[in-house]
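Quick setup: one chain, the form predicted alone, written in structure tokens, and binding and motion questions come after.
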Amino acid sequence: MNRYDLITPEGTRDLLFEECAAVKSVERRLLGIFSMRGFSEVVTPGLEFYDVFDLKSRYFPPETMYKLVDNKARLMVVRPDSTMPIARMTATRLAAQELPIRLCYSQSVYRNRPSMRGRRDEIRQTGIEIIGSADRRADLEMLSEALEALDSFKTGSSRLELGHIGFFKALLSRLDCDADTKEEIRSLIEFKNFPALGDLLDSIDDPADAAALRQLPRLFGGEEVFEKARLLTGADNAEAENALAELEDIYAQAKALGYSGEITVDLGLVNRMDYYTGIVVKGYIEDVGDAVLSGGRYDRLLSEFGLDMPATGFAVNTDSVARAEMKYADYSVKPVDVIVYGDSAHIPEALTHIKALTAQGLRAESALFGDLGDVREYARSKGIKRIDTVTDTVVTENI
């Protein structure tokens, strides 16, 4: 019988020392930015009832969630997402709050991914939700927070990609095909699988709109994207034009926000089309292949919890940012400033001395040795430069 008491489950890992310091640094930095902008931190349970995620829109396929049962045999899941529990919490506990509601969070989500894909099942996320405003100002505030988050990372270059799910939906709605085929088209565009997308669209008897969808993954870049998109859709698709006009305005205003990285338009951002309803964003940093920031507008989610309210937000993959920052910033464990040794008759006095040192802003630890020679050897091995020996007096020794 195999035993697994010495390893972590697939998709998880222990965080040690430098890694832990990097993750906590990114979290504190982001939460500090959000707090200064009026966001209040919340934490949702690690366990939720399965029903929270078993909505009619099926945002999360059941096979991607870790499941268990409670002592009443009710089906539970380990939180696979932060936005949906926050939507539940808002609908049940914050419905009477004055709008808009600005919330931020930093917590882990758990997703049951197929083996050998090289991705984590446990993901630390830090993000925001702006709930109760459909005004374009809310989208720009979300973008401003996303850009400031990207600028705060201690890495190389960064970029933010902007899209609008409404443009894709306007094209897709004109195709004469079933829901499964539409979802397959969405998936192929999301992953920019050009050959498979071409083969699938060739099988659809709707050449004009299929041709527009075929070009969608290639519609990325700067202002020129809008003209190319309008040439594809023609003048009779008002829904597509409205989405393009909104995105064009958001793009122009985002460029004026003083972001140090690159802002591009990508009409191939079509992830989770039933979840998002408008502007969508993805953020990238140097040395990380996948997006480290993603989000957008989702105006229908809260209605599934009985509260019809618009919302927008994003989440940062804190783990990915922290790993990238370790290449650029020093998160190594620093030795304490002082190690304090007390002989057997002065142990309480030694601990009291440590308290006095920390009150002065010094980092101090207690020497857990009975011999001063062992303390010196330990201090040298750890790079500690000062020993305070406590007897009837305090003697300081620099080594």
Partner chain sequence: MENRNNKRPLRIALTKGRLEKDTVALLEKIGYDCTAVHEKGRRLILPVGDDMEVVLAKAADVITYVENGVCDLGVVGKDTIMEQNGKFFELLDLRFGRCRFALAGKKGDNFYEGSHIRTIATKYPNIARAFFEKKNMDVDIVKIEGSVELAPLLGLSHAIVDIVETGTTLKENGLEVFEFICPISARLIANTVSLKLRREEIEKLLGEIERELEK
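What you see is a predicted model; the values in this text were computed from it and never measured. Residue numbers count along the first chain shown, from 1.
Here the subject shifts to the form predicted in complex with its partner chain, a form of this protein not shown in this document.
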Mind telling me which stretch in 236 to 244, 71 to 79, 134 to 142, 322 to 330 gets its heavy atoms within 4.5 Å of its partner chain in the model of the complex? 322 to 330
Which pick from Tyr275, Phe226, Phe220, Tyr251 sits with a heavy atom within 4.5 Å of its partner chain in the model of the complex? Phe220
Just to confirm, with a 4.5 Å cut-off on non-hydrogen atoms, which of Glu286, Asp308, Asp178, Asp151 contacts its partner chain in the model of the complex? Glu286
Heavy atom to heavy atom, is Asp266 within 4.5 Å of its partner chain in the model of the complex? yes
Can you tell me whether Thr155 touches its partner chain? I mean in the model of the complex, with a 4.5 angstroms heavy atom cut-off. yes
Looking at the partner-bound form in the model of the complex, is Asp299 within 4.5 Å of its partner chain by any heavy atom? no
Considering only heavy atoms, tell me if Ala291 and its partner chain come within 4.5 Å of each other in the model of the complex. yes
Given a 4.5 Å distance limit between heavy atoms, list every residue of 162 to 198 close to its partner chain in the model of the complex, or none if there are none. Glu190, Phe191, Lys192, Asn193, Phe194, Pro195
